[in-house]
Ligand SMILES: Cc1ncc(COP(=O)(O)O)c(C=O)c1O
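Before any questions on binding or motion, here is one chain by itself as structure tokens, the form predicted on its own.
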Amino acid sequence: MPAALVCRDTGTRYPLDTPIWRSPAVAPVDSVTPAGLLDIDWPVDASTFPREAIAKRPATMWRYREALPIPAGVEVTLGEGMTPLLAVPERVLESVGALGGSSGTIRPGSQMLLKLDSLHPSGSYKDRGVSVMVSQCRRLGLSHVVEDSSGNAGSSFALYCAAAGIACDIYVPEATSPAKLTQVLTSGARLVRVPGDRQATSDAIWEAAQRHYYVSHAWNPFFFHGTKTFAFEVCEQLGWKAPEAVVVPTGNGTLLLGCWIGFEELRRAGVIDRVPKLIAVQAAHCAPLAGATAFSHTVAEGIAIPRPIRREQCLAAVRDTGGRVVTVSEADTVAALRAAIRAGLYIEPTCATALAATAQLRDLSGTIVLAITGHGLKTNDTIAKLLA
């Protein structure tokens, strides 16, 4: 079958150039009910990853153009992708190893690597999904879109929409870090501050999303087909081999699901023979994937999502890859953040959850990749309060 948008509820298929963000075959309910979610059915084979040709292309995520659902000529890119894969500094391993009450977080002969997606143009991994999503908006000829965000996605959308000449309204929680809001405001986007938590923001945008094209990084499946390039790059950087596991800070699950899609496409194309274990990391104060029902403030604001719209898909990604959900405390997150910064890695607190989680992963061996999702400069105010 040709590539298509597919309704998860009814199986209805739509051409990729249909201007929808949810399935019209299902009546809309509200911002927390996953009714009418769409996926992209993207066929792959051995020709999807022409490795010799890829190696000669520019070092951006668009080097995998055969695997991306965007026709040539409409790409909106700021050079995102091919971020460094760096060994975790030994002193960071020692520090986080002590969090679990014993020394060491890695078995002999194994290696733990950091994928520095914090070094993207807007300062977070969201640029992968946003580049594909805004490219789709250009393909559809859209002039105005809306998005809700805890900060990083909104910052990224504001910058990429500015690059594309597309007007956008960004809805954010009132308590979002000022540095992230500065990116939104100075890019020319319309900022809508919403009192309350992250879910209140999702509720506030729901009405607007019925009138405008919603570039939601949780609802709109084009986003995941940008974040899946994380998996492609890790595989290429490891000599076209899959790691044993990938550790991902998880809120809405947009990077977790991107990894699931990406590694699965590599497996289906015959590039790798297995999909790595996916480890979803959540803050103990907000851990719906771990079955928690009570939530409170967490320093890991980027993953503070009490009701992720694709919760069941996230759990399936973890289950089907033999992975697990790990929760980390506020104290361990701050300790891991301090260790990382003092080793020269200026990351935001959300990323530190992945480092803190390694104290609970001593049974894993082989190559383990940790997703470093956002730059510390985005949360200078928070870091100053935590580590002063």
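All residue numbers are counted from 1 along the displayed sequence. Computed from a predicted structure; not experimentally measured.
Heads up, the form predicted together with the ligand isn't pictured, but that's what we're talking about next.
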The chain here is shown without the ligand. Which stretch in 206-214, 230-238, 164-172, 118-126 comes within 4.5 angstroms of it in the predicted bound form, by heavy atom distance?
118-126
Using a 4.5 Å cut on heavy atoms, which of S131, N220, T254, S202 is close to the ligand in the predicted bound form?
T254
Select from the listed residues A158, I303, C259, V247 the one whose heavy atoms reach within 4.5 Å of the ligand in the predicted bound form.
I303
Hey, in the predicted bound form, is T333 touching the ligand, heavy atoms inside 4.5 Å?
no
Going by a heavy atom distance of 4.5 Å, is N152 a contact of the ligand in the predicted bound form?
yes
T350 within 4.5 Å of the ligand in the predicted bound form, heavy atoms
yes
Heavy atom within 4.5 Å of the ligand in the predicted bound form: which residues of 359-384 meet that condition, in order?
T373, G374
